[in-house]
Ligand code: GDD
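Shown below, as structure tokens, is a lone chain in the form predicted on its own; questions about how it binds or moves come after it.
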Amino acid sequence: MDTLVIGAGGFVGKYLLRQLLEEGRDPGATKLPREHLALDGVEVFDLELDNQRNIQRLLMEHRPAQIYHLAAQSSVAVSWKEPQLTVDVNIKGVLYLLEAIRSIEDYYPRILLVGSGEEYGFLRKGACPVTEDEPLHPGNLYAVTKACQSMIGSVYARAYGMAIVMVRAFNHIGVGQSPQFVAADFALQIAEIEAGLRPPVMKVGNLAAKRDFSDVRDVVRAYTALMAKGYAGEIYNVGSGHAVAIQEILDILLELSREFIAVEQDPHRMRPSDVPLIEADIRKLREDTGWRQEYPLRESLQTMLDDNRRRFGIG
């Protein structure tokens, strides 16, 4: 095992592991005990990030040369409901990991810490597309914890010479994403309507917010490119470089639908605070790694909708 993906039981982890296998790496993965993860060629370990000694024991035994840190409470909506959980996982977890690495003699892995475009928060006028140097004004607790993670990574890279590369990943979508997230939610609702499992009415939240959406397969390609070519101590935006309104996501999926569907706003889907616009400037990522987007938005949404249709036997 030359590479370890921490927190691989979630949505992105499986895609990253497949990408690493395609690139000829020998990856291992950690997951939570309640999660299921089985992939040929990948050794899987149960690991919770609330105990530094357990992390240290795993790293000492295998000494992976590369560590991807994906483990997070990654839902903005959940962060409003469970702030303590969000802080424990997203801040304490990264501290325990970095301290476990520091405690191992003669061990200097490359580390990728995955943050979020939400860290930028409420942007000043004219700041979009947003560069990595833009001051942070996080607008929700999830964003606060991810901003703290990036700051911790920067400090450890500078103070201890650790080979830490940090990412601010913008919204990513794909098959297998939880319906806690907007595109997955819309695709699921449409498939349920087409299958006759619910009335032909879409329940939606704020459709005016604009976000930078990328296919998860493009995102994990960016991660491995940054692990190979990114500069230690640097932060990189990962996104498409183009923001679209949630309304546009809905419009594309409704166009792909086989039914006429009405749309109703659901007050329970509205957030206490919502940043109106987030769009990534990805020049730094492109210049340092040569990465380019491969999957257009419409194709990604079509793939998600078709996957949900197959689940309900209407493919």
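Just so it is clear, the model here is predicted, and its values are computed rather than measured. All residue numbers are counted from 1 along the displayed sequence.
Separately, the form predicted in complex with the named molecule exists; it is not shown, and the next lines address it.
Colleague: Looking in the predicted complex, any heavy atom of Arg269 within 4.5 Å of the named molecule?
Modeller: Yes - in the predicted complex, heavy atoms of Arg269 and the named molecule come within 4.5 Å of each other.
Colleague: With the partner left out here, check for me: in the predicted complex, does some heavy atom of Tyr142 sit within 4.5 Å of the named molecule?
Modeller: Tyr142: contacts the named molecule in the predicted complex.
Colleague: Any of the heavy atoms of Gly117 lying within 4.5 Å of the named molecule in the predicted complex?
Modeller: Contact with the named molecule, yes.
Colleague: I'd like to know if Val182 sits close to the named molecule in the predicted complex, meaning any non-hydrogen atom pair within 4.5 angstroms.
Modeller: Residue-level check for Val182: yes, a contact with the named molecule.
Colleague: Quick one: from Leu47, Leu253, Ile246, Ile67, grab the residue that has a heavy atom within 4.5 Å of the named molecule in the predicted complex.
Modeller: That would be Ile246.
Colleague: Quick one: from Met162, Ala209, Leu136, Ile152, grab the residue that has a heavy atom within 4.5 Å of the named molecule in the predicted complex.
Modeller: In short, Ala209.
Colleague: Determine which one of 226-234, 124-132, 199-207, 99-107 lies within 4.5 Å of the named molecule in the predicted complex, judging by heavy atom distances; exactly one does.
Modeller: Only one stretch passes the 4.5 Å heavy-atom test: 199-207.
Colleague: Judged by heavy atom distances of 4.5 Å or less, which residues of 52-76 approach the named molecule in the predicted complex?
Modeller: Counting only heavy atoms within 4.5 Å of the named molecule in the predicted complex, the contacting residues of 52-76 are Ser74, Val76.
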